[in-house]
Each structure stands twice: as structure tokens, then as C-alpha cells.
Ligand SMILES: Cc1cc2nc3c(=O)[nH]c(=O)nc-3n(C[C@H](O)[C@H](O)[C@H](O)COP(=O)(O)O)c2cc1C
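The chain below stands alone and is given in C-alpha cells; this is the form predicted alone.
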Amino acid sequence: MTAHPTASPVAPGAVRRRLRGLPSFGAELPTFDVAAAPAVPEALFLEWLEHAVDAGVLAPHAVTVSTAAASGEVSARVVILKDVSDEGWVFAGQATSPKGRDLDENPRAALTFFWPAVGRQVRVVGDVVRRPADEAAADFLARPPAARAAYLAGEQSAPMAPSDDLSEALAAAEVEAAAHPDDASPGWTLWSVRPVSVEFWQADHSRAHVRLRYRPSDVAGEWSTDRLWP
């Protein structure tokens, strides 16, 4: 662990005033007609995703994955959404990473998409299952060579020793990946969130934010919806 000098003191209230003055959303926000929403949340998410792409939102497929260990300690990190269908919302990572360990102990997660340029947020909560190993292998091999090398260079989230050289590790991993282009890492894992709740949130400059929540109904494969107070 590296020691750092003590930060200079901040004037009382300065950060609060700065934060309150920051802009939150784009000048022009889309509307959200809940009466016209599709019957299933996946369809509405894909509509919103394509709108975000057309609006120039960077990395609209980036999602914050929140997990909790058996101890109750909560962690969150941003990853890339791999797929979405009626079978679940899929993301990936190393089985022995902190999120992998959390999901082994407590197989539930929350996903949060936030697109401030269009004032939209999507929240997904549900149970998590591992996807089959062949799907994980195919996903790993579909990654760009540099991404595969970065994964192979070291154990994700593990501390680096002072003697570790990232450039050397990446170079060695690139050679290894190039020598075995058809070998998938057995630790690469796909997880699928099977929602018990999906909420769509549309910002409004007058604070009349529109929120629509989907939850599974008593009929298999169907959803019920609720309009929520802002």
C-alpha cells in the first residue's frame, strides 16, 4: 500500500455549493408515455438503448453491477452488458473476482444504467445464475486480442506487488494469447440476472420525473406494471 500526503483542507460548504451548481441532464429531454410502453421490459430497454445510441450517448451498454457478500458488504463496479433477452440480462467477469465471490455467496444483483444526456435510468434487480461454460468460452474468444491479454496478465482486482510490471505482464499475455487463439480461459464467466423488478426512469426538468416499474405477474412469462411517484 502506498502512503499519500495529507490533502489540503477544503473550505466548509465549498464542495456542497459546487455540487449543487453542476448540470444534471441534457437541455432537451425525451418524453415517456407509459401508456404506450411494451408489455415486457426487455423490449422497452432495447428501445431506450437504441435511442441512447442515436443521441450519441457514450457506452450506453455500460452498466453498474451491485453485489453483496454473505457478510452484507456491498460492492459496485461498471461492466459491459453482454446480452438481454427473456432469459436474463448478461454480464461477464472472472469467477474469482470480488463480484464472482459475492455472487457465489449471495446470487442476487442490481444493475443500473444511467444516461444523463437523455435523462434516463434503468434499474434491474434479480436472482443471478451462471450461464453454460460453452457460452462463456465463446464470449471470451470473441473479445479483442488486447482484452484477452489484459485478462490473462494477472488476477483481476488482486493487489500488484512493487516488483510487478504491467507493461511486461501485458506483453507476455499477448504472446500467450496469440500462441493459443482458440483457448478460452476457464475462469471467464457469464452471469445472467433474472429480474424480479425492472424500473424505467425518465427525468423531467420540472422534477415531474416519470417512473415505470415492471414486475413478474402471476401468469408465467407476463409482467405487471406500476407507475411510481418521482
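A residue's number is simply how far along the shown sequence it sits, counting from 1. Keep in mind the model is a prediction, meaning the values are calculated, not measured.
There is another form of the same protein, the form predicted together with the named molecule; it is not shown, and what comes next is about it.
Engineer: If contact means any heavy atom within 4.5 Å, which of 86-94, 103-111, 116-124, 130-138 contacts the named molecule in the predicted bound form?
Structural biologist: That would be 86-94.
Engineer: Tell me, yes or no, whether G154 is in contact with the named molecule in the predicted bound form, where a contact means a heavy atom of each within 4.5 Å.
Structural biologist: Looking in the predicted bound form, residue contacts with the named molecule do not include G154, since no heavy atom lies within 4.5 Å.
Engineer: Tell me, yes or no, whether A146 is in contact with the named molecule in the predicted bound form, where a contact means a heavy atom of each within 4.5 Å.
Structural biologist: Result no; A146 lies far from the named molecule in the predicted bound form.
Engineer: Give a yes/no on whether V79 approaches the named molecule to within 4.5 Å in the predicted bound form, heavy atoms considered.
Structural biologist: It does: once the named molecule is placed as it appears in the predicted bound form, V79 has a heavy atom within 4.5 Å of it.
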